[in-house]
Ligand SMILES: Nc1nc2c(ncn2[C@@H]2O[C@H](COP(=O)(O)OP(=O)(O)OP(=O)(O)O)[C@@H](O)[C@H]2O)c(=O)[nH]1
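Okay, here we've got a single chain as structure tokens, the form predicted on its own, with questions on binding and movement later.
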């Protein structure tokens, strides 16, 4: 490796909740390193993904969605995201088409900015780092009611203009992280402006997540997938035991909820819900770890854990 000509940088992936940041990271890395769901605020901590190429590496920082909230947990998540605005060398600023299907009820009236997008722009305007505007989820404009109402991608030009009235960007990219459209072009553009820098991580490393962390995150992802309403936001996961020397690998995980009624929902009738969560999580763990996994899940009521800052830090962030 020619370290004198090596290029590297930390690239922050920022934006409002559920805009496709984690889907983009997984697509670029080619591995599932960040959990995803169709619900907002799935990502709670900063997730690192390393993209290696001939002569350099990009260290992507996937961040929680930027939004206003008074909840302790959400404020902690937003604080993590906003720190990445300064920690990164380059920012990828993700936005999605303002259509009703994505929660923009006033889009048909030409109102393109919701509160969370405006809040994100306020903070982006204060940064001096190179910034790329990334208009994601354009596959949603290629058909259906949204495309018919807005004549497909024609909506992107006035939306882009509304954004750029607040923040100026180096370049603008139209992509679909889900289908891969435009992703390679975006990555190549990042490589073009990378400064000379050291190789921060070895070539065989694609994330800084430990196996234990990934296991907990996958279980959380399945809680988002299989449960509804407040359960995904009132639950978290800790790994109590992780026996890597065993075959299969033995994992004991604890799902924390805030109320007794939530515990019953997570367990389900005759244990059916927790069985489905465990089966789905185990499959992802086995693919990630490349070996068989024995997974045991328990559920504990940790009363109001997300509302008590001390308890939240101890459970969610290990503080």
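Fair warning: this is a prediction, and the values are worked out from it, not measured in the lab. Numbering follows the first chain given and starts at 1.
The same protein also exists as the form predicted together with this ligand; that form is not shown, yet it is the one meant from here on.
- For the chain shown alone, residue 302 is not a contact residue for this ligand in the predicted bound form, no non-hydrogen atom being within 4.5 angstroms.
- Although the partner is absent here, residue 65 lies within 4.5 Å of this ligand in the predicted bound form, judged by heavy atoms.
- Among residues of the shown chain, residue 80 is not one whose heavy atoms approach this ligand to within 4.5 Å in the predicted bound form.
- At a distance threshold of 4.5 angstroms between non-hydrogen atoms, residue 208 is out of contact with this ligand in the predicted bound form.
- Proximity to this ligand in the predicted bound form, taken as a non-hydrogen atom within 4.5 angstroms, holds for one residue of 193, 239, 162, 140, which is 140.
- Here the chain stands by itself, but in the predicted bound form one stretch of 263 to 271, 32 to 40, 53 to 61, 285 to 293, 32 to 40, has heavy atoms within 4.5 Å of this ligand.
- In the predicted bound form, this ligand lies within 4.5 angstroms of at least one heavy atom of each of the following residues of 177 to 214: 177, 178, in sequence order.
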